[in-house]
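Same chain, two versions here, written out as structure tokens and called structure 1 and structure 2.
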Structure 1
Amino acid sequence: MSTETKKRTVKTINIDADKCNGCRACEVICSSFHAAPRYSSNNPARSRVRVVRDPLRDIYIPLYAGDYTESECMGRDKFIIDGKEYDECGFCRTSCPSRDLFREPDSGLPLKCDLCDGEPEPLCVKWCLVGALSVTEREVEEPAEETKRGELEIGLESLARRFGADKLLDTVAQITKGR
């Protein structure tokens, strides 16, 4: 029995923290790109990239939103950078139940970087004037039969967990009643 695989190109945003000057242009363009309608507003809380900042020590580290996880991690390591202590959670890309980073501010739904789907390159990379962000592409093989949960399933599950299934179903019924 042979396992079929298919190849796909994966883009990855690379971060050179030594180059980041904390201007947050990446946050601004990301939040504008993901506004509805596109480019109609700017709210960095909706950005899929955030800059961890310590301006007094000239430390700026861009992070982009990763996958949602249903549980808190157990990692509580500490990092010391230029004499200041940071906890591991501060550098994590995951949207999780223990913090509000990378969550849609109005709905609480988890955010994930989509690499500005439809654009030739992520806009945070394009707008980073100091070159702290760059993109690499690589080919990966993955099993052909693997099924991943979609954004809708993840979002609905998150809302059901936050507000309860009954409240979610009642709200959906109310919304669709007028259609």
Structure 2
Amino acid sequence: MSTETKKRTVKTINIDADKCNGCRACEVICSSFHAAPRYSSNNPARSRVRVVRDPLRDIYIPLYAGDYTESECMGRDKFIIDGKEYDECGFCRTSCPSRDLFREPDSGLPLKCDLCDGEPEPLCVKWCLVGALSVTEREVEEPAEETKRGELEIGLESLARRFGADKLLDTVAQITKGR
């Protein structure tokens, strides 16, 4: 095993929900930045950050779009913090079939926050003048991978892990014999 490490920058968006004023400027600029051509349109329904906002219950949660999942969780979770009850899956970032959040309104394709790739800082942070959103960067050291593995290699390895190497070999042999 190599002991070499390499540096990677991790960006963290700090969400100070107490400072959120519920204005949704983050949604506006996000959807505008990601429009094609850039800034040509805006539509909060396409935004990769959404403010879960319920003023009468004092709930203000800017929520970022995370990974896509094909299938929803078996259960649901509901948080109650300081007596405030948050919606089911209220803090979950996933683009999930259980809800219409973080999916393109027309095509249904999933959306994911890319931290405004190419910009000096995520634009939601820039547009949040009330200071609810800020970004910090830190460098983490990670062991360098010796070789970059290809798709097939990764796929085969996971199949081997799941079904066992023997079964995998047998199956491959069977399929190839048939040809």
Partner chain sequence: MRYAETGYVLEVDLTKGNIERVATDPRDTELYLGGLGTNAKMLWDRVPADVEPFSPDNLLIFAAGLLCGTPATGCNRTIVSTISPQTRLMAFSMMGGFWAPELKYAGYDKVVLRGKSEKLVYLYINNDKVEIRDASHLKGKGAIETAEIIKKELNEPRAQVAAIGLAGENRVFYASIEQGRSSASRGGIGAVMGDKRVKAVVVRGTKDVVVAKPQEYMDLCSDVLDYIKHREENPIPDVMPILAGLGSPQEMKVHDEKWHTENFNWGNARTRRKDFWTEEVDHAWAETMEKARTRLISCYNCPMKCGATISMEGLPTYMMKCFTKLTYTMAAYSDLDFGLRIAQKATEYGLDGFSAPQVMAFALELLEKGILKQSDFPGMPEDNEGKFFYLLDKIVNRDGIGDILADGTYWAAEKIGNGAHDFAHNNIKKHEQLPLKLSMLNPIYYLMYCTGEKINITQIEGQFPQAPYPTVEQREAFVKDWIQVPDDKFKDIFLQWEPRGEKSMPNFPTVDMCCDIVDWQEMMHYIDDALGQCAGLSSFPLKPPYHIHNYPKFISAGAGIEMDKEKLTKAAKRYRTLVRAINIRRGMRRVDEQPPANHWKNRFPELEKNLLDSYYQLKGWNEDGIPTRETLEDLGLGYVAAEFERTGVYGGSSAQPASAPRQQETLNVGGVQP
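This one's a predicted model, so the numbers in the text were calculated from it and none came from an experiment. All residue numbers here refer to structure 1's sequence, counted from 1. Think of the rigid core as the biggest set of C-alphas that the two forms share within 1.5 Å after superposition.
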### Query
1 or 2: which is the form predicted on its own?
1
### Query
Superposing on the rigid core, do we see a C-alpha displacement of 2 Å or more at N21 between structure 1 and structure 2?
no
### Task
Return yes or no for E119: a CA shift of at least 2 Å between structure 1 and structure 2, with the rigid core superposed?
no
### Message
For a quick test of reading the superposition: does K11 move by 2 Å or more at the CA between structure 1 and structure 2, rigid core aligned?
### Response
no
#### Entry: Cα displacement of L169 between structure 1 and structure 2, core-superposed (Å)
30.3
